[in-house]
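One protein chain, two forms: both are listed below as structure tokens, the first as structure 1 and the second as structure 2.
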Structure 1
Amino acid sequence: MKIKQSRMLRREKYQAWLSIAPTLILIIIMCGYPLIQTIATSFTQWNGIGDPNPVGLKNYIDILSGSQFYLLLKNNFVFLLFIPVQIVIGTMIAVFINDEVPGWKVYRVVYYIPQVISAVIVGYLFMVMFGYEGPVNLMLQGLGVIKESIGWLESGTTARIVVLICLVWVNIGWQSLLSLGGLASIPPSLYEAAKLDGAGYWKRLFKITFPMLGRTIEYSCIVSVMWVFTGIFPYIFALTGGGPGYETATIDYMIYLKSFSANSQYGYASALAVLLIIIVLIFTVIQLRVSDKQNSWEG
């Protein structure tokens, strides 16, 4: 018996590694090797021609002592602000859909559509929507909120607001479907008990629904934070091009700019990339720690 088991285990080990092999090889080649290259390049100055010129920590020092990096970082942080909005609105919508409010089937399908459209299209459309004679300005003027059109994309603050609105627009549908799933696992008996105790609608919402959705919200937090640092590039590319000036540029957008412009500064871009990875890791670790604490607290 023992011999058979160990042989079976060994066979399983071979099977396992063989199963993983294609995936692992592909990922190591496509991600692992370039990653190492990037780290190596970050310690050089290289414009793509000839050999890279090693300069040690110069790139990092330049980045961290300049002011632009902190502008980019600030923008990243500002864009994180969309997450609470997304979570609250998305979850409330989920609640309404769960309640089977009239038309819920339509809402469920339609609200997710922004996720299905290419980011470039979304960005471009938002740019048009917030133009001088775009629907947003016209509507605001029609409602009497403002007298003259606002140049949304002309100043840093308003441009960032437009990006935030865009990010919310894109993600509410995703969040609501996610929360909908989480809602399904809340036992109805909890609500019955609360109702018997006389708890009103809002009280039930905030005291039962939101806390019970803890894990779902946690998950969407982690994923969304990561997304802000690594995934909003196409939206910024199409909506503002990082502008006005660099007011809506994020770190990953700057990496693109530094790599793909006439004067490519691969060393600098690589150093930015490494810093970005470190930041993402820090955030993720913090979030996982917090969620671990929460979970162990719940027992």
Structure 2
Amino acid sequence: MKIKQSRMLRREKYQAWLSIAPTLILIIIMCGYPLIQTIATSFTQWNGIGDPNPVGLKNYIDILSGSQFYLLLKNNFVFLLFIPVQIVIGTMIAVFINDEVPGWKVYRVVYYIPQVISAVIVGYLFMVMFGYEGPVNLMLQGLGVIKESIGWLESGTTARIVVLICLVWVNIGWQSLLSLGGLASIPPSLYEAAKLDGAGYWKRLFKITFPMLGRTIEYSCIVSVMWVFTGIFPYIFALTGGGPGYETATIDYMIYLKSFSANSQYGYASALAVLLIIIVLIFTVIQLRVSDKQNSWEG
């Protein structure tokens, strides 16, 4: 009997591996090969024409010894500031929608609209809104807040603020939807027991709702950090073009510039891409470690 069971288990394992083999092979071909090619190219000097010229660690030394890389890294860190704002606003919207405030079905659709609009269109929209004669300046002048128009995109500090506002606006809908899923998993019996104990709305909110959304917020943080390092390129491209200078440029934007400019530097861009992968992996591991420790304390 045991022999038959072991044979059945082996057969099931083989069938499982065979069923996922096509997908695994496709992933290896589509992701593994470009990754290996990028790593190999990062040790060369190549403009995309002719044979690559091996230069060893020169690209990495040039990147890490220059100041430009640290400016790009700083910009990425600055743009991480949108995450707590996104989580707070998105979660509060989700709570109101979950409580079915008047018009909640309409709000649920409206807040998610930025997610389905093209990133380039969103970038151009904010570029126009914060332009020298854009609606934001006109509104502030009409309210008497400012006397003259502000060049929002002409200064590094204000340009970063505009990018942060753009990122928050785009991601509120995603965060709301994610938090709604987390709210749906909270047992109603907890709220009923709290009501019987005399807990008011705000006490239930801070003692039950927010603590129970801990896992949802952890997931949101991990995904958002990865997105800031790898997914905001189209917004930067359309909104500020990395300017003024490189004051709003990010690592992934610089990879684009070095790859597709008139004087292409594919080796340098590949080295930047490898460093970006390492940074994202480090952040992901740190967040997962912190999450595991928190879960062990809760256990």
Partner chain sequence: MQKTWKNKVGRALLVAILVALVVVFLYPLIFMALNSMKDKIEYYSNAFALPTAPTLDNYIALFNKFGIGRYLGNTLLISAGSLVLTLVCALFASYAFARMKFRGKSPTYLFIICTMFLPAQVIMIPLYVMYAKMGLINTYTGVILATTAAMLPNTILLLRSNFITIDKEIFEAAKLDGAGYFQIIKNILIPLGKPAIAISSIFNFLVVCNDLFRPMILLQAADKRTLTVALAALSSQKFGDPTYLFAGLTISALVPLVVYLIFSKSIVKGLTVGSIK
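Since the model is a prediction, treat every value here as computed from it, not as a measurement. Structure 1 provides the reference sequence; residues are numbered from 1 along it. Throughout, rigid core stands for the largest set of C-alpha atoms superposing within 1.5 Å between the two forms.
Of the two forms shown, structure 1 is the one predicted in complex with its partner chain. Once the rigid core is overlaid between structure 1 and structure 2, Tyr191 counts among the residues whose Cα shifts by 2 Å or more.
Here Leu57 does not count as shifted, since its C-alpha moves by less than 2 Å between structure 1 and structure 2 after the core is aligned.
Annotation for Leu24: C-alpha shift of 2 angstroms or more between structure 1 and structure 2, rigid core superposed. On rigid-core superposition between structure 1 and structure 2, the C-alpha of Lys13 is found to move 3.9 angstrom.
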